[in-house]
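Shown here is one chain on its own, the form predicted alone, set out as structure tokens.
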Amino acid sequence: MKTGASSAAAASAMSSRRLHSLEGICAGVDLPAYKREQHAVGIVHIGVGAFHRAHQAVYTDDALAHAGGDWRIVGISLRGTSVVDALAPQKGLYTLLIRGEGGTQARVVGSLAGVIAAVRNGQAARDALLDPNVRIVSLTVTEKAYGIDRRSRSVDQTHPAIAHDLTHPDAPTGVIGMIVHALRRRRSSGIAPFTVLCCDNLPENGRLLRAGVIDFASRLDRPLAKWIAQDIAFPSTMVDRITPASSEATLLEAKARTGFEDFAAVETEAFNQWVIEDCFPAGRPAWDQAGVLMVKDVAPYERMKLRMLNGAHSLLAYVGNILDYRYVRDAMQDGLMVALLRAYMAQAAKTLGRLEGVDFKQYEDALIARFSNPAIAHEIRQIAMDGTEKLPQRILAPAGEALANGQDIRLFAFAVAAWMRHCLGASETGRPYELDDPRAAEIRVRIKGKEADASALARALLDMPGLFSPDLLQSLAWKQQVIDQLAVMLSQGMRRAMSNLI
């Protein structure tokens, strides 16, 4: 990888300018080891947020450096405009700050060729998906954006984007509507289809998205749905890299490192992992040469990550928020928190089958070290968002399996009780916080007047349609465990509840 060659003095003189080229960047910053203009676009990525810029775009940057190819990325922001306003004047360039034990490494990533704000120019976003050179459409839009019912694997017709796009299929605004519209147009125009690559934390994410896309298409055009089922690839993936939201400090450090203003700078940890089901009929970048693990079956790796990392992360977020911790690294200075997380990870590991090449205890140790990284300011509120979307795959799935196999369910019940306590919207010191969840309004209505009654509060939330599986709801032992844990949290406090469990 090349490094900035100009002197610090020259870069300093240009520091009031915006990052928009690779010229004049301070020495010591890693630059793309290829000529951007020599590589055309081959990927459209929907959801060009911080995680994509710290993960998939970086792997693609490395793949271009290793093997070249026309695989640069056009990013689409479906809802917001701020990321486009940051990246467009910079011609897609941005600084990535990688914070590890040995210090912070800065690099400028060049794989983004352009960005589009769909809310400003929906036609441009739709046209990008029709480009014959685009052979992959990848996505990081968060769980709630898809509008797929995970149980039925059909689209939720009450989801705003799904409802709109079924009514206006030629002017879609949601991710599934846009994919179906593009595939329909490509098919009718004789343009080869693209591969759809979901990179969100959903169980069997490729298969789930495939089912949702086919169901949506079948409601509009059954032959199209049949063609999608037969001819379109939806590889599953597992992604992993802790990426906190960028702050003013992130931008200031990026400027100090590069010598240029960079309003799209991102910070992340040194660890990075991407596991992909290797099924790309139209080709793909040389991701394998960039460190991606290309496999036949992603599911075992996905389950490990969802249950041990993501499940523990959610537990930490609910407990940490209630105890008034702001950052993950601060909560990890609490010995009781660390003991709780280790116990939870160990129990989650017992729900997993043997995974070749993986030692679950070593993985647990690595996760504890990553959570404790003092250089990463990962806000707990960011992790606590969208609980009703995250609980099923992160905590409820292993809880159901543990229950069915006669294993200890107490730690899973504790995690659910902690989420219920989190739903009250105030920490133990009385600090209010916003319940950021797509079903927040429903939750508030359900728990009103029940805030101090553990049994009533738990039952109100357990009765939420489509959240808890029948096997859990039919278990008196499970429900009583949740109620008992919640009762201690409400009457004696979170630390007492934690101590009783460890």
Ligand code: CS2
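No experiment lies behind these values; they were computed from the predicted model shown. Note that residue numbering follows the sequence shown and begins at 1.
Another form, the form predicted in complex with the ligand, is not on view; read the next lines as being about it.
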message: For a quick test of understanding: in the model of the complex, does each of His39, Leu112 and Arg135 have a heavy atom within 4.5 Å of the ligand?
response: no
task: From the candidate stretches 217 to 225, 233 to 241, 421 to 429, 257 to 265, select the single one in contact with the ligand in the model of the complex, where contact means a heavy atom within 4.5 Å.
output: 233 to 241
- request: With the ligand left out of view, choose which of Ser154, Asn310, Thr195, Thr173 has a non-hydrogen atom within 4.5 angstroms of it in the model of the complex.
  value: Asn310
- prompt: Which listed residue (Gln382, Gln105, Gln333, Thr81) meets the criterion of a heavy atom within 4.5 Å of the ligand in the model of the complex?
  reply: Gln382
message: Considering non-hydrogen atoms and a 4.5 Å limit, does the ligand approach Arg284 in the model of the complex?
response: no
- prompt: With the partner left out of view, is Lys390 within 4.5 angstroms of the ligand in the model of the complex by any non-hydrogen atom?
  reply: yes
- prompt: Would Arg394 sit within 4.5 Å of the ligand in the model of the complex, counting heavy atoms only?
  reply: yes
Any non-hydrogen atom of Arg72 within 4.5 angstroms of the ligand in the model of the complex: no
